[in-house]
Structure formats: structure tokens, C-alpha cells
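Shown next as C-alpha cells: one chain only, the form predicted alone.
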């Protein structure tokens, strides 16, 4: 692929990502993407024969972007509390730059459940589950680990995905949204770590009884 081809393909990917995130597959048009990329529609079809093929390429790239960056955090050689703090800092910062991404992925998987397989192929959930289980100081039962994983992700994703609603609620309380998100990077990991420590204390007390 020539430098010109790479540049054109990059422009198409950037434009397609914006359009698909804004409109979803069903409402997006190839003409919209060509206009956003500032190329003609014939050239767009030269690189990607159909909207569906372009969508799958974009979806695959976005799924890869989400999981390659963050799944490895839990495999890093550092104390678990540091991993939790690092995850929230990096994940929330990433979502601030890509605010439409969570709803886009959820909406498209709901539209086409087969995309879930492609999405999950980017991450080895079993390995992460095992790693978290070995890292956590609290003696969590096996069945509680998935709940911990979901709680960690949810505490990070929800404030970004629900920004329009949350921003209005916070403003009524005199709280500035961006400041709230900045504080969230500290408060969310504190909440998880505190909950795990409390669980550990309660487990030890139950063992003594």
C-alpha cells in the first residue's frame, strides 16, 4: 500500500468512525462518509465495496482499541490497588475522548448479536478473571469475581455514557460536570478498594465466629 493509499484509508476510517458513532449502521450513508472524508463516493467504494464491509472494519478497529488498551492493565506486575487506580484514570480519560463509543457498541450489538462474538474475541475474559482472583486481597468467592469486573467497568462507563442526564442533575446541585469526572478518577477506585477491604474484614470476622 502506497503512502497515498494509507493516507486515504486513514481519512476514510476517521470519517466512517465519526458517522457510524453518530448515526449507527442503519442510518449512515456512504455519501455521508465520503463527504466527511472529503473524497468522492467512487473512491470510497474503491477502498470499501459496501457500507457493511466498512462498518465491520470500523467496528473491529474500535473493539480492538477498547480492549487491547485496557485488558492488559490487569496483567501488569503491580499491586492490585495500583491497577485499579490506573485503570480508572486511563479508562475515564479514554472515554472522555471517545464519549459516543460505549453507546455505539451497545446499540450495534443489540442490533446484531453476532457482533458480540467479534467483540469478545478481543479479550480473554477467563484470563482476566483468573488474574483478578489471584490479585484481590479479599478472599472473594469465585462467583463474585464477574460482579467485581462488571462493577469496575460500570463505575467508569456510566458517568460518560449518561452525560446528558447526569450533567443536568449535577448542574441543579451546583456541581460542574468536568470537575465531577476529574474527581471520579479518584472516588471510583477508592470505592472499589474500600469495598474489597470491608469484605475482607467481614470474611475474617465470620471465620472467627
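Since this is a predicted model, take the numbers as computed values, not measurements. Residue numbers count along the first chain shown, from 1.
Quick note: we don't show the form predicted together with a further copy of the same chain, though the next part is all about it.
- The closest non-hydrogen atom of residue 42 lies beyond 4.5 Å of a further copy of the same chain in the model of the complex.
- a further copy of the same chain in the model of the complex is not approached by residue 53, whose heavy atoms all lie more than 4.5 angstroms from it.
- Contact check for residue 192: a non-hydrogen atom falls within 4.5 Å of a further copy of the same chain in the model of the complex.
- Shown alone here, residue 147 lies within 4.5 Å of a further copy of the same chain in the model of the complex, counting heavy atoms only.
- Along 160-178, residues 162, 164, 165, 166, 168, 169, 172, 173, 175 each place a heavy atom within 4.5 Å of a further copy of the same chain in the model of the complex.
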